[in-house]
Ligand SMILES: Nc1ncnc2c1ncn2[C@@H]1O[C@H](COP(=O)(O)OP(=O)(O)O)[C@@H](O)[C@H]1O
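Let's start with one chain on its own, the form predicted on its own, as structure tokens.
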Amino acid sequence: MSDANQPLLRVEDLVVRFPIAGRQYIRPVDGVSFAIAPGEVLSLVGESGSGKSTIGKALVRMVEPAGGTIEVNGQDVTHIRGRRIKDYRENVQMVFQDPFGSLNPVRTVEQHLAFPLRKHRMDKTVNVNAKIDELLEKVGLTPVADTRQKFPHELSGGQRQRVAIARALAVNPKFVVADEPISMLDVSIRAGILKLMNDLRADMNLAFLYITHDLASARYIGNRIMVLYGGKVMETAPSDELLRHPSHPYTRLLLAATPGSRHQGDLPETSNTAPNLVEGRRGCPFASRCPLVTSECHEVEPALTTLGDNHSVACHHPA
């Protein structure tokens, strides 16, 4: 796809389902659609269990979609297999939440970075050692000579996450799924990781799906924010617009619980029950917790409708 105005990634009506008791299924991702342009960051926000990480795993083909389509550069990659997945992962990579669990404790930093370089290297003239030094410099892990020989347990949490980012960059991807990359790090070093991701976006025209439950970091790094609940998109808008003018009751609930938000206050929910993910459910997934709920909310699923420029909400009673 050569048109610069076209998205790098396009997801249409993505469905992921898992079997439970008997012949029943749950849908942690149910009809989700979005697009991401080259060099853009989409922040995906929601509580634990909202389907955020499942979407990320579907995008890197760790989870098989049950419906919908995933396109990268205009190519349908929804159900690719074998060699095509290997080729695909040269364009799409993932950084996981746990920077220790995602690294092999018995391999050095050098070994972690050499593996993808050798596995995916197309140009046999590439100097692997020089490329490792370049990657470590790029993510701020210096002096390089010392860092190369260290094992994960010899690094801080922030350093381990920088190694994980360097490993993702080794194959020169166009798109990275960052699954809560700062949630397990000390507060004092989270800003450094976010700044690194921002710098990489600018330097490499790298696109990100940034998965988080933290609206502050979502606003800092994301061009747009998409709010997810019960596997459904509740609201999506440019970051500043969404935080200034939240329209969905669930978005307002998240902001009410966010320190420093001008919307901070008493939580306006009527229950704390988990969403119903069973296939065939009816109505809005947030209905059991919504302070504005009506009988229509329990029976009819609200469509995602446009409120203004690039601002959409799925609610029968938007603000």
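Computed from a predicted model, the values in this text were never measured in an experiment. When you see a residue number, it is the position in the sequence shown, counting from 1.
The form predicted together with the ligand is left out here; the points below concern that form.
- Contact check for residue 40: no non-hydrogen atom falls within 4.5 Å of the ligand in the model of the complex.
- Contact check for residue 52: a non-hydrogen atom falls within 4.5 Å of the ligand in the model of the complex.
- The closest heavy atom approach of residue 277 to the ligand in the model of the complex falls within 4.5 Å.
- In the model of the complex, at least one heavy atom of residue 26 sits within 4.5 Å of a heavy atom of the ligand.
- Listed residues 273, 270, 294, 48 were compared with the ligand in the model of the complex; 48 is the one with a heavy atom within 4.5 Å.
- With the partner left out here, the ligand still marks one of 64-72, 280-288, 251-259, 26-34 in the model of the complex; by a 4.5 Å heavy atom cut-off that stretch is 26-34.
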